[in-house]
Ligand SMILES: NC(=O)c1ccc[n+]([C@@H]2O[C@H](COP(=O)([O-])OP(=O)(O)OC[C@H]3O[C@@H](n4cnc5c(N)ncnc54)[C@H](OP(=O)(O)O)[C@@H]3O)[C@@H](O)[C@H]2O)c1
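In structure tokens, one chain follows: the form predicted alone.
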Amino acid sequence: MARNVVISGGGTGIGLAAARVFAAGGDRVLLLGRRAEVLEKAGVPGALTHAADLAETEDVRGVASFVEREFGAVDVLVHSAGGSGLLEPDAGIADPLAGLAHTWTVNFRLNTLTAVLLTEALKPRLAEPGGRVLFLSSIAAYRGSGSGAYAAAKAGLHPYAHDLARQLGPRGITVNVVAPGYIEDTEFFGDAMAEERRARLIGETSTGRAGTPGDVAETLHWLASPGAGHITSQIIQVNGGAERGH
């Protein structure tokens, strides 16, 4: 039976890879993102699209209404929206402390608030039993991110997921987190990455390669499957062993 799958950040990178995997399995997919033109060009067969800023409450209410009209129930909710703020417009803040506050606020909005607001808005629509809620965290939540802001924002999803798993478990709904390491072919690092940094990140893995959006998408697809029905409140790392170090 086809399931209804909602994917935030579904126009690029991991979200798009996940959308393609779910659609290939016969599921109905809704792609969410801030850029309508990116969603429309995603090219996922049969997918619906809806542009919204998921850090804005009114936009999230609009998503909830759209989902109610088009889907009714939500079988799988995948939170792939996020980022380090690298692609956000330059705020032009000269004061260091004000700039720091801006950076941390942007990261919280992009990575934590978007996931929380969308989950809470769609919580009444989650299929029961059998619903799945899946968050995208990061290896940075374990090791830091340089500035701290991105890592802290992603780490904030972990206790929220644990609380949500306890809350939704009696309804037959599971909640899990996938924490990727370095993944190529996404917009996360902007237009380019220095070869030296790329080599260092790959060198930290035990597998000797970069991760791909497909690696993460397949993990998400498995966690949404009936075979993972007794797995909840877990953080699954997809990083080729990089978190363990050498």
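Numbering starts at 1 and runs along the sequence shown. Remember, predicted model here, so these are calculated numbers, not experimental data.
Quick note: we don't show the form predicted together with this ligand, though the next part is all about it.
**Q** For this ligand, considered in the predicted bound form: do all three of Gly33, Thr114 and Leu136 come within 4.5 Å of it, counting heavy atoms only?
**A** The answer is yes: all three residues contact the partner (heavy atom, 4.5 Å cut-off).
**Q** Though only this chain appears here, would Glu68 touch this ligand in the predicted bound form if you measure heavy atom gaps against 4.5 Å?
**A** No, no contact at 4.5 Å.
**Q** Indicate whether Glu218 is a 4.5 Å heavy atom neighbour of this ligand in the predicted bound form.
**A** Close contact is absent here: in the predicted bound form, Glu218 is far from this ligand, nothing within 4.5 Å, heavy atoms only.
**Q** Heavy atom to heavy atom, is Arg132 within 4.5 Å of this ligand in the predicted bound form?
**A** No, Arg132 is distant from the partner.
**Q** Heavy atom to heavy atom, is Gly83 within 4.5 Å of this ligand in the predicted bound form?
**A** Yes, Gly83 lies within 4.5 Å of this ligand in the predicted bound form.
**Q** If contact means any heavy atom within 4.5 Å, which of 149-157, 90-98, 169-177, 123-131 contacts this ligand in the predicted bound form?
**A** Single hit among the candidates: 149-157.
**Q** Relative to this ligand in the predicted bound form, which residues of 40-59 have a heavy atom no more than 4.5 Å away?
**A** Contacting residues: Ala52, Asp53, Leu54, Ala55.
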